[in-house]
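The chain below stands alone and is given as structure tokens, in the form predicted alone.
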Amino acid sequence: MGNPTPPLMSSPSHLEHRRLLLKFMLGSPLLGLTFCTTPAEKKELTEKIFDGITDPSQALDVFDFEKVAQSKLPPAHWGYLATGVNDDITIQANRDAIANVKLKMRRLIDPTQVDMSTTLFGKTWPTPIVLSPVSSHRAFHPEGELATARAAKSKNHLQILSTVTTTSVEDVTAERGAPVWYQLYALNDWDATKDMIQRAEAVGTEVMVFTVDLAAGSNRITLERMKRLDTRQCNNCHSSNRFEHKPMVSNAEGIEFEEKLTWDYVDKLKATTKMKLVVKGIETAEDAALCLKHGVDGIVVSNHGGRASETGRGTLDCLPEMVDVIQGKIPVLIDGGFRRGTDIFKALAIGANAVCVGRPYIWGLASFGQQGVEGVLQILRDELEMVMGQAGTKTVAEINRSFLA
């Protein structure tokens, strides 16, 4: 009968193939992701495996834009965007506060008809995602605030324009095709401050966002360290006067931020403008109550993205006590570390009416201009729509604390 055919597993060639396959699998960096013990290790290994995106359509989340932005920006400009204060603890606290909130999902509720619209001061927006005021967009892209305005128009998002904009409120409003909200830093010259207010009113601005958390200054060490790595000559853009190249300050000579801010200043603004007055930088229930007492029309729960005071307290940690004080009497917005649709859902569940994002859309701007901003907004919209469908919430009004574990 002769010798039978040996089993396949004993074939030398097959064994060699198995050995090579096993060697490849054990040496694959992808396998390493399984054995990473910390999120930081996983992030580091992932960055080694995957190159940066070259088109907004390639992004899987907003963090894909961060890597591209860092590679494109000069050190000082990246430092300005990335910095917190002191040890940057509060930047991380914002993210930690969001991560510490757990969600409960409902099932067997039709997820196909999700309405993300929200209403602020009588105007309805398709999503509760707002573009926070960020200074000096031209530091991140040549088209600056105009590219951002075009993206906001394309996606129909509410845009808040910074006092320290590199494009005037008149030009931004024209590019947006509709009034934006205007963020106000009080200046040490009341006439210059009033001039900004009147210019915003003249182009139809209906809401002024008064930022109050920088009166005592801020210690931005990361920014200062990054400046030392930058060897460029920056005199063409910067001088000892911070407002010299800022079009919203008509006469910048001797102008600085006003340091003597009290609740009397809030009353003064209320008496000066017909615009709705929103106070940004509120972090305590006590100050939320005072906002109601002084007739403020809305608040933004904010620690300036961890760039004002090193409280070590995330804004999402602050939100519940303020929502409980406000009790729906005025809109409550929030910013600080929001990077995913689930993050936004958590804030809405606690009681925020809208969520502002800053750094993510600037990552998009620095990476790809208008298309990058649009890409960031689309990702956040898609993620929020998905988590609303997963939770079975057909409208923003249905999102409440019952979805928090």
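On a predicted model such as this, the values are computed, not experimentally measured, just so you know. So that there is no doubt, residue numbering starts at 1 and follows the sequence shown.
The discussion below concerns the form predicted in complex with a small molecule, not included here.
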message = Against the small molecule in the predicted complex, would residue 305 count as a contact residue? Criterion: heavy atoms within 4.5 Å.
response = yes
task = Classify residue 335 as contacting or not contacting the small molecule in the predicted complex by the rule of any non-hydrogen atom within 4.5 angstroms, answering yes or no.
result = yes
message = My question is simply whether residue 280 lines the interface with the small molecule in the predicted complex - judged by any non-hydrogen atom within 4.5 Å.
response = yes
query = Does the small molecule come within 4.5 Å of any heavy atom of residue 375 in the predicted complex?
reply = no
key: the small molecule in the predicted complex: contacting segment from 166 to 174, 150 to 158, 134 to 142, 111 to 119, heavy atom within 4.5 Å   = 134 to 142
note = Assert contact residue (the small molecule, in the predicted complex, non-hydrogen atom within 4.5 Å, options 347, 379, 357, 365) equals 357
request  = Identify, from the list 265, 181, 243, 185, the residue with a heavy atom within 4.5 Å of the small molecule in the predicted complex.
outcome  = 185
